[in-house]
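One chain is shown next in structure tokens, namely the form predicted on its own.
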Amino acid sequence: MPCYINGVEILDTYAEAFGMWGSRVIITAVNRKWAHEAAAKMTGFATSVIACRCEGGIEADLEQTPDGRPGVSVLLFAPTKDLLQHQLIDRIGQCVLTCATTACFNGLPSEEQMSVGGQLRFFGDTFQSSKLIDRRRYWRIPVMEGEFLVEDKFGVQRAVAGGNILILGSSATVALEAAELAVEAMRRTHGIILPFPGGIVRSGSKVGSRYKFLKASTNDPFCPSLRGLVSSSLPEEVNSVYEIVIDGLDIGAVEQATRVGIYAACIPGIRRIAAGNYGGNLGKFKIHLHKVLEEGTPA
């Protein structure tokens, strides 16, 4: 059955997502500005595992934090637990420990834990100290400013990455407007991040390339400038496409973000909403757009 929202066709297709490992980091500071400074640096160069080795982003501003100070939560995802641990240690060590007034805490209650602060403590050069509070260990690492407080272990769990929608617009202006509205709606979903700049991808990719040394290359069926040169997936009235990629701690969160994003993106000038998949060869999660819309409301 055809599906339309505000006159926009929702294609009967699915987004193909894949399994990852995820963790949540809580960063606090003397004020929200410095918490965001650390979080922004920590999640830099973390858009795609294709080249970044992890995917990350700011999840939310926090009203309640372990030390009562202003804070933000960050989600980080990687293909394996070992790689995720290395990314957490490197990124917290280089981007949070170094940032003025910050402290760093585990934000994911999980049975599986990995040593993070327990590795960073060695920066203290034997002058570090620890304290056990409610069976959770914290490390106090001396720094020139004073002390950096970091939790010993951080939770990790199986997660989902690569959920996506494709927004097909009559112009670049209207496609970007719709994508921005979708991002605004999606970011209200707990447990997800949109890892690309501003939450939006202008250069969606396909698996593989004509160049053997590349793992991924431009998604040519959705490139308006290649219409007539390739087997295009774009009708004549579509002149710009944006993608939004969604990573989440569980499939339910990714599906909810997909749902609210689709509804928000259906504005005048948008012709279709589609999704990227690779015939089921990339990931085990298939997020069917029609099914997602049937199973919930846009709220």
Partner chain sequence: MTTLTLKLQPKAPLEGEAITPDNFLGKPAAAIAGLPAMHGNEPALLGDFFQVDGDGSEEIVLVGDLRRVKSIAAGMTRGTVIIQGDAGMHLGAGMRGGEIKVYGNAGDWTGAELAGGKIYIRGNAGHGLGGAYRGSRRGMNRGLIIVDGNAGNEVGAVMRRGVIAVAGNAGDFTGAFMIAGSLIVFGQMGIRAGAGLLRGSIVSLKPAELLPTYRYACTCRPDFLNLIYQKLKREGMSIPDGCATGAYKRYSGDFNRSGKGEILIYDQR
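Numbering follows the first chain given and starts at 1. Fair warning: this is a prediction, and the values are worked out from it, not measured in the lab.
Unshown form predicted in complex with the partner chain; subsequent notes refer to it.
- Scanning Ala172, Ile133, Leu229, Leu214 against the partner chain in the model of the complex with a 4.5 Å heavy atom cut-off leaves one residue, Ile133.
- Residue-level contacts in the model of the complex: of Leu75, Ala103, Leu166, Leu120, one residue has a heavy atom within 4.5 Å of the partner chain, and it is Ala103.
- Only one of 195-203, 180-188, 217-225, 140-148 lies within 4.5 Å of the partner chain in the model of the complex by heavy atoms, and it is 140-148.
- With a 4.5 Å cutoff on heavy atoms, Glu237 does not count as touching the partner chain in the model of the complex; it lies far away.
- With a 4.5 Å cutoff on heavy atoms, Arg32 does not count as touching the partner chain in the model of the complex; it lies far away.
- With a 4.5 Å cutoff on heavy atoms, Arg69 counts as touching the partner chain in the model of the complex.
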